[in-house]
Each structure stands twice: as C-alpha cells, then as structure tokens.
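The chain below stands alone, shown as structure tokens; this is the form predicted alone.
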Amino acid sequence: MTTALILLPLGGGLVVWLLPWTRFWAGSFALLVSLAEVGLWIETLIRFDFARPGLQLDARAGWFGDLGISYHVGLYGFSLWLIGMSVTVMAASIAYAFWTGRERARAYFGLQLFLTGAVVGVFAAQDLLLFYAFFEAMLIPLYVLVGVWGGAGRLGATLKFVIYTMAGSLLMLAAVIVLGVHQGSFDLVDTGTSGNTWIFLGFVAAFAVKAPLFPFHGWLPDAYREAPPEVSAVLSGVVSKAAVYGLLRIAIAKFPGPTHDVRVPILVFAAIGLVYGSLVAFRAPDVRGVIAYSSLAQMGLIVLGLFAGNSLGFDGAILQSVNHGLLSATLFLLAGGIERRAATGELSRLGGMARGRPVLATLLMTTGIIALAVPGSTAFAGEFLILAGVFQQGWIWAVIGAGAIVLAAMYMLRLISAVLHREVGPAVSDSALDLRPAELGFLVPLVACLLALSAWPAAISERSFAHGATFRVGWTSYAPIRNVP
C-alpha cells in the first residue's frame, strides 16, 4: 500500500510525459491521477491501526546489501497525516493549473505528478539514503516549475533557491554518509542513536534551509512571489513539511543527546523566526509577501513544538503542520485568483473586492479567521498545544509564542481588510468576476478539511503517535513519539 502511494503519481507522470496528449487531456489525466492518489490515501487511512505502535504497512527490499542500504518504506501515524495533507494540496494545485491552462502541459503536469510521488516517498522513507534520494528528487521538479513557469524574476529566484537548497543538500549528504557508515547500516528502524553533535547539526541545517527557518530563509520571498500560485502553495504548504518530518524522524529520534544539548539555541532561532516573520508579514506590501512571511513565522512555531520535548509539543507540531499546509495552500490559491482579477497582488492597489464577490469574500474570510487561531478553530488547537508544551520548557517561550500569535492576528486582519474592504482600489475593476465554479472545485475541499479539523482536531492530535509506548530521547521519557525506533 505504501509503495503504491509512491508509484501511482510517479507512473502517472511518466505516462503524461510519454503520450502525445493535448493540454486538455494531459491536465485531465494528471487531475484524475491526483484524485486517485487521495482515494488511495483514504484506503490507507482505513487500514492503518492507530492503536498499534511502531511502523505499519511497510515494505523492504535489498538495494546495496554490502552497505546496508535498502528500499524500506513504511508509515507512522504522524507521517500518514502529513501524506494526507500533501496529496490533498497537490490535487488542488494540479486542479488550479488545469483550470488556468498552463503552457507546455505535458511537461508541467508530469513534473507535478513526479513531485507528488517524491514528497510521499520522503514521508514514507525508512532508510537514510532512500530518504535523501526522495528529498533530492523532490527538489528537481521545483527548480523547473519555478524557473520555467514563474514570473518575470523567476531566474533570479530559481538561482537563489538552487544555491540555498544545494548547500543544505550537501550538508545532509555528508551527515547521511557519516551516520550510516558509523552505524553500519542506513536503516532508520534497525539502527540505534548517535551522540555526534556535528552530524546532528548537519541534518538540522539542511532541514532549516528547506523549512525554511530563520536565518536560512533568504530564498523564501523571491521563490514564493515568482513561482506560479499553485507552486507557491506546494512550496509553502507541502515541501516545508518534509523538513518537519526530517527533524522529527531523523534529527530528534536519532540524536537524543545533541537534541538535549542544542535545544535552547534552536528554540531561540525558532522564536526569532516566529517574531521576525510575523513582523515582516505585517509590513509586506503584497498578498504573497504576507503569506510567505507568515509561513516563516508558522514554521518557527512548529519547531518550538518539536523541540519542546513533550507530548503536547509533538502533538501540536503535527496538527499545526497539517493546519499550515492546508491554510497556506488555500491562501496562495486565493492569491492567484485575486491576481488574475486585478493583475496585481499589491495591497495598495487592491480593496473593495468583497462588493459583488460574496463567494471570494466568504472563502477568504473563513480561511483568514481560521488562520487567526480564533477559539474553536483547528489552528487554535494546534497553537494552544504547542504553547502548552513549550511552557513546560520555560515560560518565556510561551510568552514569545503568545505574543507572535497577536502579531499574526494583525497581519491577517490587514490582509483581509486590504483585499476585501476599504475603498475600491485602482486595480479592481467592476467587471472582475466572483470565484467561478471550477475554482470552488479546488478551494472548497481545502476549506472543508479545515472546518472538519476545527470540529475534531483530536483526529490528528491524538492519532499521530500510538498510545501506550514510550520513546526515549536522551534527557527524558515521554509519550508523544511513541515507539518510533
């Protein structure tokens, strides 16, 4: 089942590349494959036993036996939820691209499907070199999607993206090789822990670039602004969660001592990123800038939860990762719709779009209110769990997190006001239509997922880690990462 989740989009992408289809048929087939991937994930969800600890639905085959390298994939509860969020966002992204009619459709949709398979492979990989292979494979289509189909500044944005990610990838490759050779195997399940701080920092730095986390976020503003809206949605909502998985499954799980020793500096950088991202988002001049820097802030908050070192922090980090993936993707796709209607995303030229466009106003308001983390929303549940968890490591971290949440309310309310209310901006024409039925087809499911999680956030927060088993991380024992080898 896990292998099928990886191979279905990869095979679909190969078919799109090979067959001489028109734009319509290439897009239709890619959308069908992405929806089938969502259906396959639902079947996997039904089969998964959340009460049983340990790896499930795994498959293993020898790859390089002399080096202890194998094709080993499998799922934990937290990786299952991350995959579910990812395939949902990817399906919405492909639907958006199909609706807008991207040029060179066979190449474009093939890359999107290839990216889907690589992302699922990252979340399922249980071998270090296999994880690295999927991680690098995930980056290749992103380079092309931004560099070929991006905006006017796409080449500069792509170059910066390549430089940052290649530096991170080289660090991770060195860390993977040293750890695997030292352990005598690259298998994440069979091998034990390590106390090497330098290897740990190599992994953390690589994942910090991909997240991105402060101060490794230099590629973020250009890439998010220049990429097509649906690619920005994937970059922010999906690809950044590969870093969350890597930090959880590799850095924290395999390096208990260094995690304890370096916890405070990492919490400091996460807190700085949370506050800095919120402040810059409040001052950003355009819609995408607000969403991009809010993503930087949210990743800082998630890392606070990961390094809180207790069950509340871990449960909150996974829930907030899913929340942010859905929220960020919805906001970027809405930003694409706004830009198509106003030919700009500059807040100073927008305004009054709620008049005569009730559907656009409703979806943006609903998404924005959830992002505000109002009580009763899934974002509130995720942020509350993280703050409660990090409070156990020190009240100062919870105070910083709570203050940043207030800043989040400021930048999100500014975004909603600048787009929907105030006077009608010079870029907003009376002839600009409301959201069309096709747009509702990929936006409403994302919002529906957020509303469902708002009604039942425990579906994720209480089912990411199996109950009853304890995972030791060096300085303490606790129940969040339960029985993750």
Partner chain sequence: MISKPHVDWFAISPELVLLGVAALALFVAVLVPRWLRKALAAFLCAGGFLGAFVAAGILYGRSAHGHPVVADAIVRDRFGALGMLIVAGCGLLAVFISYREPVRNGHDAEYYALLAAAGAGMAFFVTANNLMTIFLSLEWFSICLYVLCAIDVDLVGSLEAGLKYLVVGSFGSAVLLFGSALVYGATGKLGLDRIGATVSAQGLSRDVLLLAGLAMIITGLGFKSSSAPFHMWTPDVYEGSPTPVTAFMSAATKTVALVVALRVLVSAFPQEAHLWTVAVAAIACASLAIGNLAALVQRNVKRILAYSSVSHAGFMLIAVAAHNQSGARALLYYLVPYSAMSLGAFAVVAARERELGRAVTLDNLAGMGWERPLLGVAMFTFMLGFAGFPLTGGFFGKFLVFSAAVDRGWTWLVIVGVAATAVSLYYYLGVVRALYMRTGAELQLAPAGGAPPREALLQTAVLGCLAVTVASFFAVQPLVDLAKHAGRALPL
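Numbering follows the first chain given and starts at 1. Just so it is clear, the model here is predicted, and its values are computed rather than measured.
Just so it is clear, the following notes concern the form predicted in complex with the partner chain, a form of the same protein that is not shown.
Engineer: Select from the listed residues Val268, Ile396, Val374, Leu155 the one whose heavy atoms reach within 4.5 Å of the partner chain in the predicted bound form.
Structural biologist: Looking at the other structure, the residue within range turns out to be Leu155.
Engineer: Given that the partner chain is left out here, which of Asp190, Glu136, Asp261, Glu339 has a heavy atom within 4.5 Å of it in the predicted bound form?
Structural biologist: Partner contact (heavy atom, 4.5 Å) among the options: Glu136.
Engineer: Are all three residues Val148, Ala174 and Val181 in contact with the partner chain in the predicted bound form, where contact means a non-hydrogen atom within 4.5 Å?
Structural biologist: Affirmative, all three are within 4.5 Å.
Engineer: Quick one: which of 354-362, 237-245, 161-169, 274-282 gets within 4.5 Å of the partner chain in the predicted bound form, going by heavy atoms?
Structural biologist: This holds for exactly one stretch, 161-169.
Engineer: In the predicted bound form, does Ala253 come within 4.5 Å of the partner chain, counting heavy atoms only?
Structural biologist: Although the partner chain is absent here, Ala253 would stay clear of it in the predicted bound form, with no heavy atoms inside 4.5 Å.
Engineer: Can you tell me whether Tyr132 touches the partner chain? I mean in the predicted bound form, with a 4.5 angstroms heavy atom cut-off.
Structural biologist: Yes, Tyr132 lies within 4.5 Å of the partner chain in the predicted bound form.
Engineer: Please determine whether Val406 contacts the partner chain in the predicted bound form, using a 4.5 Å cut-off between heavy atoms.
Structural biologist: Close contact is absent here: in the predicted bound form, Val406 is far from the partner chain, nothing within 4.5 Å, heavy atoms only.
Engineer: Using a 4.5 angstroms cut-off on non-hydrogen atoms, would Phe114 count as touching the partner chain in the predicted bound form?
Structural biologist: Yes, Phe114 is a contact residue.
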